[in-house]
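The chain below stands alone and is given in structure tokens; this is the form predicted alone.
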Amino acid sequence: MDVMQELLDYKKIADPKINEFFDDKIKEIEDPNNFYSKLTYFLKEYTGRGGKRIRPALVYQGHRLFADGSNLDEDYIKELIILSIATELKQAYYLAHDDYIDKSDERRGGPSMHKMLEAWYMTQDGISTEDAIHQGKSMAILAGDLANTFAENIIFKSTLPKDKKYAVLERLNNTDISTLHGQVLDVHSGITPEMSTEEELLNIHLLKSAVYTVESPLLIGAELAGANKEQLEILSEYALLVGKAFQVHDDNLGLFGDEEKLGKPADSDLKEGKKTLLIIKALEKAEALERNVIYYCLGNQDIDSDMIEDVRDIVRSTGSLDYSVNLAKNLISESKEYLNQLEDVNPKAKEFLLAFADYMVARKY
């Protein structure tokens, strides 16, 4: 199965719904000069820029896995698509805050939210550079909060029965708790001198990324389709393993990926001081001089391309890259074992999810 094509097909469906949602929100504000309207427009651009729409697609596929297609009318499918974009707004909420925290200037081939807003304030008369930078960061926090509120608004306004709305909102709330837990651990680990262990790092990946990227969207769709508790537990195991593999692979791309495809510099993780599995395992195996090179470069914004390549060489020579690649593959293999326990489900959806697992560690961006 061509996973990229499946994702592209759903993206073509989801993107117009995202634009339509934001356009409706902007129209609700009578004064177009009101900055709330302008901030909503910035959020529309940020959310709509790039992205594979993995999370909305997983809502659909999770539903498809358990739903009886003969009972689904056109209006219900439209409602499901609208519900699915709530997960994309949740991602915009996380990313707007994450980019500010990580001091990341780029996202999906364009400026991050705080840099986009900072640039706008720079063009306004009477605003100093210092104030423009502060306003950009402040408004990025509010933009993320707005995206989160919009996501919940989609659920409240849906035609779902009250018990279904409650189930979706509870799932999203638990996702927020998990993601913020992981973010706290991640941010704190970035300032402490000691390195995280592999176990600690994978726990952060599970909390911060795996839940909101894979588990939550899949389970929202599956719950709406009527999956039982046992089925949800199996699907959850699959999703969390795929989500951890996704983040391990993402960290690999963060040092070895193609900048044009990534939409951000391939050295950003290193300069931000991220203690990825690549760095943790390399430090375990490296000689003293090599460890000094890594420590010097980690979190150093002034390192040049030669220094970055030195770190890449150390990561390769210590076997850290191979270890990380193999771990991601093993997690995927285990995830498919769980998924294959599900019987009497939609074969096309199951085929997609099996192929999707492989795709998550084969993608180039």
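Everything numeric in this text was worked out from a predicted model, so none of it was measured. Numbers for residues come from their place in the sequence shown, where the first is 1.
Omitted here: the form predicted together with another copy of the chain. The next part is about that form.
Participant: Whether S138, L169 and H188 jointly form a contact site for another copy of the chain in the predicted complex is the question; each needs a heavy atom within 4.5 Å.
Facilitator: Contact check passed for all of S138, L169 and H188.
Participant: Of 122-130, 288-296, 222-230, 239-247, which is the one stretch near another copy of the chain in the predicted complex, taking non-hydrogen atoms within 4.5 angstroms as near?
Facilitator: Checking each option against the 4.5 Å cut-off leaves 122-130.
Participant: Evaluate Y93 for contact with another copy of the chain in the predicted complex, applying a 4.5 angstroms cut-off between non-hydrogen atoms, and reply yes or no.
Facilitator: Taking the distances in the predicted complex, the answer for Y93 is yes, it comes within 4.5 Å of another copy of the chain.
Participant: Any of the heavy atoms of K103 lying within 4.5 Å of another copy of the chain in the predicted complex?
Facilitator: K103 belongs to the contact set for another copy of the chain.
Participant: Consider I77 of the chain shown here, and say whether it contacts another copy of the chain in the predicted complex, taking contact as heavy atoms within 4.5 Å.
Facilitator: Result no; I77 lies far from another copy of the chain in the predicted complex.
Participant: Even though the partner isn't displayed, in the predicted complex is N148 close enough to another copy of the chain, meaning a heavy atom within 4.5 Å?
Facilitator: Yes - in the predicted complex, heavy atoms of N148 and another copy of the chain come within 4.5 Å of each other.
Participant: Which listed residue (I303, L321, L327, L39) meets the criterion of a heavy atom within 4.5 Å of another copy of the chain in the predicted complex?
Facilitator: Only one listed residue qualifies here, and that residue is L39.
Participant: Note that another copy of the chain is not shown here; using its position in the predicted complex, name the residues of 158-189 with a heavy atom within 4.5 Å of it, in sequence order.
Facilitator: The stretch 158-189, when checked against another copy of the chain in the predicted complex, contributes K162, K165, Y166, L169, E170, N173, N174, D176, I177, L180, H181, Q183, V184, L185, V187, H188 at the 4.5 Å heavy-atom cut-off.
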